[in-house]
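Okay, here we've got a single chain as structure tokens, the form predicted alone, with questions on binding and movement later.
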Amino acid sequence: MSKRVAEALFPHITKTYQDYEALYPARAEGTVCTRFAPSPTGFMHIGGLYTSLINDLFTRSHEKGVFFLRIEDTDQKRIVENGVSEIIDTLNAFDIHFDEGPLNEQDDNGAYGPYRQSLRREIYQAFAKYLVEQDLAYPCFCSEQKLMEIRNQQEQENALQKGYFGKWAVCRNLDEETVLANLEKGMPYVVRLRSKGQEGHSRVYHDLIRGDISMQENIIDTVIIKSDGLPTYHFAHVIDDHLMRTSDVIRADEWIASIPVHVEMFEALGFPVPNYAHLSPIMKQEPKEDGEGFSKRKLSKRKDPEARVHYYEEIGYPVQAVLDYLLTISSADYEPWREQHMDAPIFDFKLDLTKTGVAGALFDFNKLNSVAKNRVAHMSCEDICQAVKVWAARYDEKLSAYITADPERFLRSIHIWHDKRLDVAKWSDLMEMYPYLYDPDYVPADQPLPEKFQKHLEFIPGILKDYQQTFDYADDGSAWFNKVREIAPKYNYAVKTGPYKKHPELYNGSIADLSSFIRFAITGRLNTPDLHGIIHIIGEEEAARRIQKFAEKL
């Protein structure tokens, strides 16, 4: 090709690649620069949050670091309304903050923008124009029908490599006059890289996580500019990462196959190749269709609710717990570090990419819940109160109403289930585990009667009546329980467990049985935190009302 063809393809492009090199100068020496580059096509996948977290953590582990957000929106058909805001809000919600990038749907912050690829069209075209001038790229006029014919012919010939290359690249060697004539006619075209790769030639590419990877070098004349004038992902990635001076590209392993074409583009343009690190995917285990064993697959946006980042926010996992879990499955060093530094910011952890697993990490809700319970247990009641207040205002109307009606009572209630317990992993657990505290529609008497109560039915009404008569709201926990103990002998329930264990046949039951009648009448549960504390949260009248209702049921 020639400058005549380049000018015919891009007559409106007046800036040269040198102009853009000057506009986006190299960053300060020694700067580690990473990026998160999602597409605004809907909700963020948990894998995207994981990738952004690793990039942010890796950047902050260096003295000079820049982490920026870039929006890859060249596929206009898939873009959703307010997609950029969705990305920004999600990252902010999980305490991941970038140094440069979009602030909202319109505005940017940083000297290397625009940070949206759809606004960088002329930049990409300037570099494509340069490649055409150097005969490193050319226009291709093949229609979809022609490309299909090529694919069918490759299938018939059992071609080992399929794609637009070699003898199949029918526009690669068009003479200049034919190209200009086609352009004059207004024929649709794309611009392709003129690959210098050779079929069967392998090359070693280095990955910061996986080490050296041997792959066949790229031989496909890859499209760099689409028919709408926008770049393909591959070309935009190379131009942007160079001009934004990205030093390290940390991304999902699905892009490993693209390393040869990306490296070839960097080298064709004379750009330094950044360091690459490819993160293993987050996997899900499920039974095989034949019922024999289990298989693993990537978390799916379509199939798995846990693939959505907002899922964790909606059901109330603390942000810190989600981040702790993601780093636990990322690095074997993180969990022991976190155990020793529970109060330290997550970014104090020094991430070593070489210790990031190569195999896909299996998403384990049991492990997530364990991590989350430890995190909640370590939080102060005041911090829990504030976190639940914010969450409930958005996701749980009943709980929010309870908190708003009496914030001080809610704070006191937290002590009931928080002290010395590891029960709560997420804020939605509160209504599920402690409806007797927070749900105004919950009626303990409506709960199925425990089977073990059957043999005590003749005694329970009398026990509850005596309990009501002796109850004094002013009693402390010790005095309250002593009165419960005093009821036991009247109904031949053993006060001490030792004699009861030796000769259970001599008693109608034990003090534990008797206590469970009162507990169930008030809470509808057999296992709860301190019952005396619960009574002082729900109030004397409500506790009495519940006991009366349960007695009536019996």
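In case it trips you up, residue 1 is the first one in the sequence shown, and so on. Quantities reported herein were computed from a predicted structural model and do not represent experimental measurements.
Form predicted in complex with a small molecule: not shown, discussed below.
Peer 1: Heavy atom within 4.5 Å of the small molecule in the predicted bound form: which of 38, 529, 47, 509 fits that? Just give me the one.
Peer 2: Selected option: 38.
Peer 1: Pick from 395, 255, 141, 271: which has a non-hydrogen atom within 4.5 Å of the small molecule in the predicted bound form?
Peer 2: Among 395, 255, 141, 271, a heavy atom within 4.5 Å of the small molecule in the predicted bound form occurs only for 255.
Peer 1: Among the candidate stretches 521 to 529, 60 to 68, 38 to 46, 487 to 495, which one is within 4.5 Å of the small molecule in the predicted bound form when only heavy atoms are counted?
Peer 2: This holds for exactly one stretch, 38 to 46.
Peer 1: With a cut-off of 4.5 Å between heavy atoms, is residue 242 one of the residues that contacts the small molecule in the predicted bound form?
Peer 2: Contact check for residue 242: no, nothing within 4.5 Å of the small molecule in the predicted bound form.
Peer 1: Using a 4.5 Å heavy atom cut-off, state whether residue 72 contacts the small molecule in the predicted bound form.
Peer 2: Yes, residue 72 sits close enough to the small molecule in the predicted bound form that at least one of its heavy atoms falls within 4.5 Å.
Peer 1: Residue 251 versus the small molecule, in the predicted bound form: is there a non-hydrogen atom within 4.5 Å?
Peer 2: Yes - in the predicted bound form, heavy atoms of residue 251 and the small molecule come within 4.5 Å of each other.
Peer 1: Does any part of residue 233 reach within 4.5 Å of the small molecule in the predicted bound form? Heavy atoms only, please.
Peer 2: Looking in the predicted bound form, residue contacts with the small molecule include residue 233, since a heavy atom lies within 4.5 Å.
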